[in-house]
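Given as structure tokens, the chain that follows is alone and in the form predicted alone.
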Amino acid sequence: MIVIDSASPVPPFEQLRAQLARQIQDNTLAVGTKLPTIRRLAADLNLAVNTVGRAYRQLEEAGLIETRGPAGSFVSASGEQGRERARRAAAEYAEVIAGVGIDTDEAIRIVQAALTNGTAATPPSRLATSHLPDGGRDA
């Protein structure tokens, strides 16, 4: 079930994209499942056709769904490839974090900032001490 919160600061296309991606990744929507047409889903969710189209395009770009012309859009088997790619990227990130000596809490904050804002922003703990001459280290 897809629920769009009109009071949310998250744009409706992103709410839709995230909910469909989650359902695909937890196998609620199995590989090969046919998705509703863009017009049908837009009508069901009371969204603009372009909003649903944008969510579908992003899911296609992520390899989670594929569109087969007039046959419609289907959950793609390549979604598993995307998950494996994410696992490899996470392992590489963990190696970088260990190599530069960043603790786990800060590493997680960096990832959360990147996922939330689309950038790997400097976490608040670094900002609070970076203006000090000694970088905030104890004397």
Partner chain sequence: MTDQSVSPAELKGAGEWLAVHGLTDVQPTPLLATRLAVRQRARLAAAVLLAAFIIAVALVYTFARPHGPAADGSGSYRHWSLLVLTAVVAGLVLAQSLLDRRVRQVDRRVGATLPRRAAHPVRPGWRTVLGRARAAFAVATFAGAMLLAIGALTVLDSTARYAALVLLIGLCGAAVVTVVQLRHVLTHPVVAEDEASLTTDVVMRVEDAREVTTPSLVWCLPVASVLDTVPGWWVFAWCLFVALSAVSLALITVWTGLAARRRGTPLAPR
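Computed from a predicted model, the values in this text were never measured in an experiment. Numbering follows the first chain given and starts at 1.
The protein also exists as the form predicted in complex with its partner chain; that form is not presented, and the subsequent description refers to it.
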Which residue, E61, E84, D44, E92, has a heavy atom that falls within 4.5 Å of its partner chain in the predicted bound form?
D44
Is there a heavy atom of Q25 no more than 4.5 Å from a heavy atom of its partner chain in the predicted bound form?
no
Should I38 be classed as touching its partner chain in the predicted bound form when contacts are defined as heavy atoms within 4.5 Å?
no
Should R88 be classed as touching its partner chain in the predicted bound form when contacts are defined as heavy atoms within 4.5 Å?
no
Is T33 close enough to its partner chain in the predicted bound form to count, meaning some heavy atom within 4.5 Å?
yes
Which one of these stretches, 45-53, 107-115, 94-102, 64-72, sits within 4.5 Å of its partner chain in the predicted bound form when only heavy atoms are counted?
45-53
